[in-house]
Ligand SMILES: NC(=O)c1ccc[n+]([C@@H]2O[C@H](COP(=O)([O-])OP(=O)(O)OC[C@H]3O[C@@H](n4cnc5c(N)ncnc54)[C@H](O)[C@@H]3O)[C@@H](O)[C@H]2O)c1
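Heads up, the chain below is alone and in the form predicted alone; it's given as structure tokens.
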């Protein structure tokens, strides 16, 4: 098999190895387009027929501000090097198969849900030919490559790993708004079942990545990806907890943050209304639920609790502001500005806004949601139509369009002059001048503690 692996390496170098990308979402689509751009012939497989049709029409199905992606989709399809399909038959021709499907966790137990991963692996294994390199880009709990991926592929395909096919794990490092940029410029950890496989993987990714490609084993690659996202989650939780402390003390967390970050080695992140996206809310659970780590984690679950609690805190701020205006939360009509989890994106996965809408409903309030990038919330009339006649506006996402809102006009549209700012888009002074009752995550009210800062 060493000779066959060497032949595959030669085909990769010459860009003649047929590629398959399973899953054409925020990871798979830009990856497929980048490989097609460099000269590979790529089959993109996805279960979503509408998405497949859009891609084959040269139309990017991902909304929001995503520099260069729409043009690259058009180019890749127009060149004939990228074809999307819902039919897995063509997987039999692939010499390299990349898997980029969701790997969520259960909302209650936080255990990995492997339905999409199993489906992708089974579709591939039923058709996989000897000499295929299988690379999983999806984020996995430590031990999943050896404990699930490898045995499933062997069982369904009746082929032997290391003899008939090879296995690798190269977890993605993309984020909405920077998909193509991150693919090209972020260092990647390249986990191979053997060092030789990792080197072949590096030769593949070198076609689309200009940053460092670090070879390692499967388990280390799993730990690196889940660990880096858990690290970020913990750091966001610290910022959010500082915001809660500053509010209670009557201080301004953003001023505290500016000064704190002047201390060498301290980099406090921005607090906000919650943490969303595909990775940050789930990958810490994948890390602590990995092989051999049961019962060991203390910090990661605590950080998850802090971050998951922020939409509820926004609700508390809203209730307090309404009470100051002589109104009640129950029965209120509330404009929720932003439904994506990230500014200038259409990505709603694990959106804090979705949780706030649930909490508003439980409190007997009615949510009117607006988001310029998310259907069906990109209604005609924009944010102004959504806000008109509402008892309060809550900014949950710092879209550029919201940063441009004139607060005087906002006040005129509201039936009750209440603005809750979950992302520090505005300042208290601006809101005061406009005559708004203003609450912001991390900014205390006069008299709420030993000091007061607006």
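These figures come from a predicted structure and were not determined experimentally. Positions refer to the first chain, counted from 1.
Another form, the form predicted together with this ligand, is not on view; read the next lines as being about it.
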Exercise. Quick one: find which of 410-418, 44-52, 392-400, 425-433 has residues within 4.5 Å of this ligand in the predicted complex by heavy atom distance.
Key: 44-52
Exercise. May I ask whether 19, 31 and 188 each come within 4.5 Å of this ligand in the predicted complex, counting any non-hydrogen atom?
Key: no
Quiz item: Is residue 36 a contact residue for this ligand in the predicted complex, using a 4.5 Å heavy atom cut-off?
Solution: no
Quiz item: Can residue 290 be called a contact residue for this ligand in the predicted complex at 4.5 Å between heavy atoms?
Solution: no
Exercise. Could you confirm whether residue 349 comes within 4.5 Å of this ligand in the predicted complex, counting heavy atoms only?
Key: yes
Practice problem: Could you confirm whether residue 282 comes within 4.5 Å of this ligand in the predicted complex, counting heavy atoms only? | Solution: yes
Quiz item: So which of 144, 240, 138, 132 reaches within 4.5 angstroms of this ligand in the predicted complex, heavy atom to heavy atom?
Solution: 138
Quiz prompt | Position in contact with this ligand when the complex is considered in the predicted complex, options 77, 174, 224, 161, heavy atoms within 4.5 Å | solution = 174
Self-check item: Stretch 87-106: residues contacting this ligand in the predicted complex, 4.5 Å heavy atom cut-off
Solution: 100, 101, 102, 103
